[in-house]
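Here you'll find one protein chain in two forms, each presented separately as structure tokens under the names structure 1 and structure 2.
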Structure 1
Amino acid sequence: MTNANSEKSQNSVTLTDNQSGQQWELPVIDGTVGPRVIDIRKLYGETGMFTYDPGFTSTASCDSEITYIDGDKGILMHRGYRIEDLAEHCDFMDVCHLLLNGDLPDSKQKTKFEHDITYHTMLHEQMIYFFRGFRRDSHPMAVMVGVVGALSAFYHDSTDITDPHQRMVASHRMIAKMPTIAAMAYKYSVGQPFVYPRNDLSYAENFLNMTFSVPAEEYKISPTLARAMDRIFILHADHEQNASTSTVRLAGSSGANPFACIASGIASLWGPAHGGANEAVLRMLQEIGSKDRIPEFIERAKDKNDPFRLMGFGHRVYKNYDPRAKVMQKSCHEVLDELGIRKQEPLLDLAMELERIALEDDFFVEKKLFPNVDFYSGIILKAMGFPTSMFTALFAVARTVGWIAQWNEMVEDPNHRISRPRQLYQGNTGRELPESFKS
């Protein structure tokens, strides 16, 4: 129905209604890189038609300067910097500053930013009672959704989204408090006392300390584990308009406060098709158990009548190797080697063999299914001592900066409006109410 109109202008396409012959010209907008977009904002007003794109496979929901993905080439950039460079040469605070403020910090800015974040690491003491309302066996993500949503009941001085200062304080609070909340969710589930944050430690060290230390004895933070944790945070920090980020933007478009918006993002992240996949990968590897059973599971993944999918494989955007998975695999080797547990941890070898077999299989080659970020992260997290149920909570800690950066970008956009998709209605029309209901 549409065809690019090369005669009139390079920057428009012509839409032709084949029934009436009527034509409309639609502007085309260029980004700095990546596919051009057809601007359909006036489409309904001019044609009386909507576009139909369930799953948003061809829809740009916003313009953004934060993150760029080239899924065919396997490229991920934040503010123009490649993820591989950021993971190698920066720490998570640098990346948070970059995502939130647009640039990597100089040393003065870094000191100030670290101070701004650490200043907010503690939770209102009253929130301890909030935790105690949960069952001990609650999933940490259930606790995270509830507690993060409840922040808006505790921090009234940073919920006015029209005030840039309040937005900034809320952003710092979110980044600072998420590790505290996640660690508390873990401590609560294992029946250990909560450990307060320590502002003399780095972001990753502090998180490990709050999670694994106990008051009864000294806890030595392994620099290897701290570095691996930091890298995991960097690799998960943002990923443009994924399901949870779009959820945050959609919730925020109505003017909801940032704590409520991030809670909605956490809920969306929880699903196994999104952030919940890291948990599912580990369960899958444990179920496969040994290399000789891999072909059986590969066959199941290919069987249309079997709902089983190879978890940690495939991505809506990447039709090539997810660059984060490459860094994660390298990190996985480092962690297992440095902890000296390579031999006791057969899952890494199993995962690598599964990857090798899948990548040689026609089904996965044709459908361009490659390992995604979740494929190796679970193995590192398990080696570090995290229970499987915490994996997605860690993802939420890391992604918070992306959510809040995207939320800020939306709120600051003078053109932003409430997000309100339309639909293709396929239901009944004009039914008469049965007589029995009319009396």
Structure 2
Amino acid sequence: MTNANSEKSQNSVTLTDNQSGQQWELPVIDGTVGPRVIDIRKLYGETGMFTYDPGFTSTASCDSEITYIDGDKGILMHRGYRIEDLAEHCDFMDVCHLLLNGDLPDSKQKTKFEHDITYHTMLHEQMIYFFRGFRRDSHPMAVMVGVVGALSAFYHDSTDITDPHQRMVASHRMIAKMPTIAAMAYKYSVGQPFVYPRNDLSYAENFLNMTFSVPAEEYKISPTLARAMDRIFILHADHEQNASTSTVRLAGSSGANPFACIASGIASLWGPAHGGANEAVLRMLQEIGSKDRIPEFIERAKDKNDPFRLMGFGHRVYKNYDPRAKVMQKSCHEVLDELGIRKQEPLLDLAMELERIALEDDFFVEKKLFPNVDFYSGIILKAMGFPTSMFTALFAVARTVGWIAQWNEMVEDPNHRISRPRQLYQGNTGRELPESFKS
């Protein structure tokens, strides 16, 4: 792994204090691709000053070889492979192997990796009683935060982060058990019996079976739905240093066990500004209500003085087309055609009409407000029968491999330190304690 100590550029920038006239040279580091980076690690020691960057949107918190995003060009790559190619030609296990190990697996590696994941899908039987401590109406994300954090109380043989073997076992366990936990959270909320994992099914098939099958009858898994589920997992597997990934790295920097770190990532993902975007799409569609009201809401979206926003259009990172959306759009139409419910389900019919109008409207085309991955994934999950409360839980299932890969990369970095952001203090100074407290 490369690290910021092995500078690839001898360039520097000069920082000048206009009050004192003092100057300092700060080295500039070049990555293999993307913006150049000013190395400020010695800034405080040399100048006595910090930088001020709320949200860290202009700060590289680490160096990484896993994922690269160019939002202006609409590029997302994992280990150098474009997301479109991975989603079209690989399955989720391929992508998991790629993120964790750096390369796509050959046939022998694929067989072993699938075996290692498959035979970790069951939960410790005692954890079933843990679920019963939650109310039936608990949000699935609340259940997942609790259950995933509790895994460290059941799997003591994979919590030593200094042992590479234990880290590998913990990584496989997390990827394998997350669908089981998510499916159990759903089953518990609807009062149905838990369905145990099956070793003869693929990762996506197994998740669908655990979620939707019941003991009373055989559940037939649609290849189209399984492939769509697999693509959703691929497209959400990792997204560079986002809020939840940064949270996992932050927790991991203290030496916390991997299960605790992933639980912290789930908690961060739960926020509506992060993992709840596809839920917001469904709420927006419900607000619009019918196709004949679409023009009204389109005009409202154009009005800067109107607080209404079209959810699922545009993206904070991608200033062009979200590359994941192109793949998800194809899956979306395949699923709706397979289920044949587009006309029977007003919300889905409304979504397709909104997509058509927005893609043809000059305002949205000029502003590059194209449908993003959340728009299509929300529609797909709704069509499959998932309640909106499960949408973010599914996101967590997919993103677990990215969190684990990023956590492993951080732990293996010999230069990693405990994260400790600084602050710009604006509070009171030197206050005297009231006399009444001294008596």
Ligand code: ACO
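Rigid core here is just the name for the largest C-alpha set that superposes within 1.5 Å across the two forms. Just so we're clear, the structure is a prediction, and the values are computed from it rather than from any experiment. Please note that residue numbering is based on structure 1, beginning with 1 at the start of its sequence.
The form predicted on its own is represented by structure 2; structure 1 is the other form.
Shown in the overlay between structure 1 and structure 2, fitted on the rigid core, is a CA shift at residue 299 of 2 Å or greater. A displacement of less than 2 angstroms separates the C-alpha positions of residue 177 between structure 1 and structure 2, with the rigid core held in common.
In the core-superposed comparison between structure 1 and structure 2, the C-alpha atom of residue 308 has shifted by at least 2 angstroms. Shown is the Cα shift of residue 372 between structure 1 and structure 2 after rigid core superposition, which amounts to 3.3 Å.
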